[in-house]
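Consider the single chain below, provided in structure tokens and representing the form predicted alone.
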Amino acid sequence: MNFHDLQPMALGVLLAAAAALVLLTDLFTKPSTKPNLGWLTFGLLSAVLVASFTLDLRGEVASHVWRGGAWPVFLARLFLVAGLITVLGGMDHIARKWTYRQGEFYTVLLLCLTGMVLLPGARDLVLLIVCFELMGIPLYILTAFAKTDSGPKPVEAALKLFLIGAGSTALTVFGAALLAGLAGTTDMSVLVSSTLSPLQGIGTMLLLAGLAFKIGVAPFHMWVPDTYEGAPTPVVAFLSVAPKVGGFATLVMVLWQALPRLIHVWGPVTLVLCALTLTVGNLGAIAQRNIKRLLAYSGVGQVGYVLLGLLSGREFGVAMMLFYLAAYVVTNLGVFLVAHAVAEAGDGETISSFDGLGRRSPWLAMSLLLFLLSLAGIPFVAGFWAKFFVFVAAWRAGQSEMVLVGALFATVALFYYLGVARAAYVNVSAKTEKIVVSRALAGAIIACLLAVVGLGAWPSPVVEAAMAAARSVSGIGP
């Protein structure tokens, strides 16, 4: 096999090469002259993103084990955008806090992105799980990266993520082993034999439970608030979006491609999980006073809306799920980076830290407000179209009750989102000095802001790309 045979997987190969280059650059740079490796990583990620538009990424690799096309390319671009914004928003913090560990941080991040980019194209169950773990294991390291800076919380956050992650991996692998053993193959296109058996149902439930842990579906969400609170904010920003995109890509491939004939098994269970996730996420956020814990529960609630698109099935439902994820990536990254900017100014991570933000930094307060409105689904920013399209997909699929439940909890979410906005614009703070934001962090926030406003004003290009990606996934629909 030569490089031409691997061309459909070129983005993953390029990311692995970028990780090696960053590590070698760090290794052969004198500690006294250690540069900001964030800019090198940012440049490499930008080059890979450009390559996604210029290279021919169609075709299959190794006898249908991995398949390129519009589906993996759309998701790869989402991962790369998340990585770019994370690197840009966190590079000054990383260079200052972890000057001599920058190379390790960016190498691990790039390896995590490698697993993410390869994940959507996997058509073999073994490769799918390997890619999923290549995405997940580096996250344990990144979560604990501040282990010597902030007391025991980062270690506790990473330990909880690791233990839950290891348990969920065990469930996933056991479920996959049952399905593959019954089918006699790991090829996802023929995973369910012509004769259905109870063991296939058990394997499906184990697989679904393992993946539900990974993306924070209630009641498998117990790790989310503690991990978000303890991990470094730039890491949490990335953790809150990119792995969820990878998790939902996996669910589409497993449920709609490999196991559509078992929809009578996983369909009702997923519907219950969707309703429970919306309830727990939105009600749990109301009582939070730490901004990262509030956004953690908010993220659980947002997962419920994405599940609506997944349950809708067929091309339109999956496409609207992809658009929702695209809007969520830029919105949630933006609100976490604003919280990071406030915390960097020494104001802490409680909601009261945002008191008087409208006077101290009007542009940060405006950005925060727009991000919160997008998360709440208020017209006309990206989040409005995301929720609207998902509701339309669910309604078309006959899920009218779930649409009403989703609309109800969207109203509940508005309460706690506007509570943060009220702190920024109504509450008075004893601090009056301006908040100084580094250029890189300001650039990342502005990029998110432009994306949120741009998708709100003109969602069509991303919707069309999402529809093309959904069409390229064969077998969607019951």
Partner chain sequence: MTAILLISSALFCAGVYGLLSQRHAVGVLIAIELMINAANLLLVGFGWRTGGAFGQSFALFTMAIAVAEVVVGLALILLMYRSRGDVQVDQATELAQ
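Note that this is a predicted model, so its numbers are computed, not measured. Numbering follows the first chain given and starts at 1.
The protein also exists as the form predicted in complex with the partner chain; that form is not presented, and the subsequent description refers to it.
> To test your reading of this chain, name the stretch in 324-332, 129-137, 67-75, 238-246 whose heavy atoms come within 4.5 Å of the partner chain in the predicted bound form.
Only one stretch qualifies here: 129-137.
> In the predicted bound form, is there a heavy atom of the partner chain that lies within 4.5 Å of any heavy atom of Leu84, even though the partner is absent here?
Heavy-atom contact with the partner chain at 4.5 Å: absent for Leu84.
> My question is simply whether Val190 lines the interface with the partner chain in the predicted bound form - judged by any non-hydrogen atom within 4.5 Å.
Looking in the predicted bound form, residue contacts with the partner chain do not include Val190, since no heavy atom lies within 4.5 Å.
> Find out whether any non-hydrogen atom of Gly230 is located within 4.5 angstroms of the partner chain in the predicted bound form, and reply yes or no.
Flag for Gly230 set to yes.
> Is there a heavy atom of Leu211 lying 4.5 Å or less from a heavy atom of the partner chain in the predicted bound form?
Outside the cut-off, so no.
> Would the partner chain be touched by all three of Ile141, Lys147 and Leu171 in the predicted bound form, meaning a heavy atom each within 4.5 Å?
Affirmative, all three are within 4.5 Å.
> Considering Asp355, Asp347, Asp92, Asp226, which brings a non-hydrogen atom within 4.5 Å of the partner chain in the predicted bound form?
Residue within 4.5 Å of the partner: Asp226.
> Of the residues Leu159, Ile351, Ala343, Leu271, which one places a heavy atom within 4.5 Å of the partner chain in the predicted bound form?
The residue in contact is Leu159.
> Go through 173-188 residue by residue and record those having a heavy atom within 4.5 Å of the partner chain in the predicted bound form; state none if no residue qualifies.
Val173, Phe174, Ala176, Ala177, Leu178, Ala180, Gly181, Leu182, Gly184, Thr185, Thr186, in sequence order.
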